[in-house]
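Next up is one chain by itself, shown in structure tokens, the form predicted on its own.
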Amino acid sequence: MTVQELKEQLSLSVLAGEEELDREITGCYAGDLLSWVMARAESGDVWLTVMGNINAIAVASLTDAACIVLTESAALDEDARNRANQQGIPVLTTEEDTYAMAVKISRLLPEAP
């Protein structure tokens, strides 16, 4: 599944990184403690968080996340938007909470071997 397909199937809105929506998604990680996410998120994950600052973009880059989904309509600040666009990191948003989004994404992704 690509970020574009996820966007369409879950009615997500794109806030940044629109040129990189063809990125493949291989998993999902939910968390807001940046150091914890850095140590545990995997390349290709959708990262569910409410952290919409420049540090979140750095963590997404370090972990090679496929995209960030800001849950609960969390804001993306302007510095973060600019950095996400520069680094080609898609940032999407939803009104739904993190749990609801994680459940929906788990239903869309194939089960891990």
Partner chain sequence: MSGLSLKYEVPGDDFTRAGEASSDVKRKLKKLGYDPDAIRRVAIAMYEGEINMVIHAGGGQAFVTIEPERVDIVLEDHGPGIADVEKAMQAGYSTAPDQVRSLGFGAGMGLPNMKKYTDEMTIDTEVGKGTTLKMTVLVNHKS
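What you are looking at is a predicted structure, and each value in this text was computed from that prediction instead of being measured. Numbering follows the first chain given and starts at 1.
One more form of this protein exists, namely the form predicted in complex with its partner chain; it is left out here, but the text below deals with it.
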ask   = Looking at the partner-bound form in the predicted complex, is M38 within 4.5 Å of its partner chain by any heavy atom?
value = yes
query = Looking at the partner-bound form in the predicted complex, is E72 within 4.5 Å of its partner chain by any heavy atom?
reply = no
query = Given that the partner is absent here, does S61 sit within 4.5 Å of its partner chain in the predicted complex, heavy atoms only?
reply = yes
Exercise: Q87 in contact with its partner chain in the predicted complex, heavy atom 4.5 Å = yes
ask   = Looking at its partner chain in the predicted complex, do all three of S43, N53 and R83 come within 4.5 Å of it through at least one heavy atom?
value = yes
